[in-house]
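The chain that follows stands alone, in the form predicted alone, written as structure tokens.
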Amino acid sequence: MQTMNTLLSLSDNLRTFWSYTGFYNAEPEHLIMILIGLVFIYLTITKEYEPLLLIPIGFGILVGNIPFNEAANLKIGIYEEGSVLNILYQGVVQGWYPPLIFLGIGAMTDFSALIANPKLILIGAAAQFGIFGAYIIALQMGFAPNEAGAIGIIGGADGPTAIFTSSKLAPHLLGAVAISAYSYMALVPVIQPPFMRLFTTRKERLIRMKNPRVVSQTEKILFPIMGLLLTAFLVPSGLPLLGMLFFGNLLKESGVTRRLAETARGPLIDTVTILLGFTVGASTQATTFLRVESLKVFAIGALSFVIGTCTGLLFVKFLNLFLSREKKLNPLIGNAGVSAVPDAARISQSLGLEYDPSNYLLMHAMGPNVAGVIGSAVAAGILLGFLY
């Protein structure tokens, strides 16, 4: 009898154990998301699409979609209050990680091309039309204004800005917005070239721009100070991003805080990028991510990215109507107005070299590219100002 009771008890224990396994709790949606995570990792390793971002995101997707018994209150899921993942995820939800990343971006960015040719900031501004164009499209598709704002920011092609904005305006769309933004940033080499060829002529692609003037150290130091005052007074709601961006740049350019600048653009931004990418990936639990709304977010995000690219290109062509022949801009730098630094500028360079092997556009394209970083943060501030 005792042996029988022991066997029954063992059987119960085994059944309980089985009920806690991922195999027992797995749903088809979990397997779909795990497959998506594996695709992210595969493409990142084989194609080197934004590996510093997409490897943490891809692996985070795997972690976030390991099935478990949610009723057991094990405190292991990213949405279970008090769990380790939930605590790490607060950096995304509360908007801590994006400003720290902007600090690192500022500390590694050289604004010389923009300072030397200030009109390039207009290209970065024009490319932000993708954000507001997507905002209008999202409204027409039935999203609430705050949701439309969170979705529209994808058009800035700036992952941290997208996360910061969506965490304030529509936290329930955060995973879809973040994955969409980083996916399209990684696909810059695939998405942009066809539109760059479509909206430019061969003659325009061969335009050679004058070498930018040498920028003094004083100008480099004054730029982050003046940039902060001008942009933050215009959109105070963008202060967490703009303040950290210009602060990081001042650390770099001041010449007396080298250690702080190296920390900001090295260990700090690397650590925060790991945490942000991993937790964003883990937040894509199948039960919350696989919805019709997520598919709509991806579709509108693609449109916003295309709109931003095209408006940047077309604005350069428009600007050239008012410039003398020797001052004309190569429209191929218009795509760099989106805030995908420095990949968008590299596309300008590679496409320019394709048509003229001696026409180097990278330095020129970096102007609108870094302007796009500022522009996306300003656009986020505008959206937060009237929607939050």
Partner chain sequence: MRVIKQLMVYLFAMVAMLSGCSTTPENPEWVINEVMVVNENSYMDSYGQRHPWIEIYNNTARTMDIGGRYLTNDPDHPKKYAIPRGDALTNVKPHQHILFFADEMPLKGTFHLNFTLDSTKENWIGLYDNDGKTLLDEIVIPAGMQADQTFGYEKDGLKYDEEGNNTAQILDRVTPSSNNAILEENLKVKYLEENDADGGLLTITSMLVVFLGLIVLYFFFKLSGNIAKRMSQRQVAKSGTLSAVRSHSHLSGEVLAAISAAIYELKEDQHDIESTILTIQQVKRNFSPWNTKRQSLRELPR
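Positions refer to the first chain, counted from 1. Only a predicted model underlies this, so the values are computations on that prediction, with no experimental measurement involved.
This protein has a second form, the form predicted together with its partner chain, left out of what is shown; the following refers to that one.
For a residue to qualify, one of its non-hydrogen atoms must sit within 4.5 Å of its partner chain in the predicted complex; all three of Gly124, Phe223 and Gln349 qualify. Of the residues given (Glu262, Glu219, Glu80, Glu293), Glu219 alone sits with a heavy atom within 4.5 Å of its partner chain in the predicted complex. Annotated contact segment (heavy atom within 4.5 Å of its partner chain in the predicted complex): 113-121, selected among 113-121, 297-305, 281-289, 94-102.
When its partner chain is considered in the predicted complex, Arg258 lies well away from it, no heavy atom lying within 4.5 Å. Its partner chain in the predicted complex is not approached by Thr271, whose heavy atoms all lie more than 4.5 angstroms from it.
In the predicted complex, its partner chain sits beyond 4.5 Å of every heavy atom of Phe247. Using a 4.5 Å cutoff between non-hydrogen atoms, Glu48 counts as a contact of its partner chain in the predicted complex. Along 139-163, residues Leu139, Gln140, Ala144, Pro145, Asn146 each place a heavy atom within 4.5 Å of its partner chain in the predicted complex.
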